[in-house]
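Before any questions on binding or motion, here is one chain by itself as structure tokens, the form predicted on its own.
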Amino acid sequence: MNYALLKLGRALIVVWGAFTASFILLYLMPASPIELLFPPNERASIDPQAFKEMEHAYGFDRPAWQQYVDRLLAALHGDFGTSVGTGQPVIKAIGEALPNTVILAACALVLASLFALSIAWVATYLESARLRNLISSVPPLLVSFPSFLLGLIIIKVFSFQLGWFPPISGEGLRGLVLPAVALAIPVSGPIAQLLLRNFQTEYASPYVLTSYSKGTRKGKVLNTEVLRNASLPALTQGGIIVGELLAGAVITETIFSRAGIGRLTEDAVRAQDVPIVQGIVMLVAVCFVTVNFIVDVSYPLVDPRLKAVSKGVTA
């Protein structure tokens, strides 16, 4: 119990730090967020009184410390203000965009996990050192390959040349396939690297020789023993993977013209809509710490070796 409370306290500190950092970077800029909505060449033609009225309406004319306290208290109640571009509440704008991104990220995560697991399993199963090295070189390539270029290649091949899927993401399964694949491929790279390293470590363990001495075939050893022990450490990368999914969604949803958090982020940054940007920053921070908290709390339950470590932390 104390271990969980300690992790929860650290998670809350991270969320508070993300809010504070985003406030400092976004709200304490030399120019007002209202001024940033207009091109520099148009600002001189706008009535200064209109600027002041809009700043007062959004609270940007108050002292910085008061803005920080007011926005922090409002954020604790789920209120991140309203968009200076559309006038829509930030929570509502994010809530409308979030389901599409969740569906895309979930499908991409499943595909990335299967792809990464296949690479690690095949590279460990093969007897040829040359083939193992060839397959082991795939994950670094996936990590380094530009996401935007991959998306454009996928659209060119499967939409324009083969005509299998629409180039612009629409409703239904056909509109989801290409964005999910484009997002899954780069995300699968770090997962495959971790699984491949864990597979090789576990395959060299003494219990594998014991299984072979009992007449167990290599495929069964990999599926029943090595796979389970090699997959557990991958849980610790949950927060990083979620971050990569959300970051990749910005590029993927933009390339495929798919509505979601990625498109909302791009539009908000382009329009310099500060409240929307801060709301998205907080969403990413909450997702990151939530996944890490769940992993930290559940990992000792699935790996008995860490129970003693968690007890030592709370002692």
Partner chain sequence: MRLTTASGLDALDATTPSAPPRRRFGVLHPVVAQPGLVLAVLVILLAVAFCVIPGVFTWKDPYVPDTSAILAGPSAAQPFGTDRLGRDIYTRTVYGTVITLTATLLAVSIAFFIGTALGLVAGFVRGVVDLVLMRVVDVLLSVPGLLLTMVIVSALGYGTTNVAVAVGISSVANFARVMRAEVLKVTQADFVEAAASIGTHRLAILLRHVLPNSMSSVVALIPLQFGSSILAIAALGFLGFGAPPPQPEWGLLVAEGRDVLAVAPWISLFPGAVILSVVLASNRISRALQPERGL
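In this text the structure is predicted, and so the values were computed from the model without any measurement. Residue numbers count along the first chain shown, from 1.
If you look for the form predicted together with the partner chain, you will not find it shown, but the lines that follow are about it.
Taking the partner from the other structure, the partner chain in the model of the complex has no heavy atom within 4.5 Å of any heavy atom of Ala182. When the partner chain is considered in the model of the complex, Leu73 lies well away from it, no heavy atom lying within 4.5 Å. Although the partner is absent from this view, Thr82 stays clear of the partner chain in the model of the complex, with no non-hydrogen atom inside 4.5 angstroms.
When the partner chain is considered in the model of the complex, Tyr203 lines it closely, a heavy atom lying within 4.5 Å. Scanning Pro233, Pro89, Gly243, Pro166 against the partner chain in the model of the complex with a 4.5 Å heavy atom cut-off leaves one residue, Gly243. For the stretch 283-298, the set of residues having any non-hydrogen atom within 4.5 angstroms of the partner chain in the model of the complex comprises Val284, Ala285, Phe288, in sequence order.
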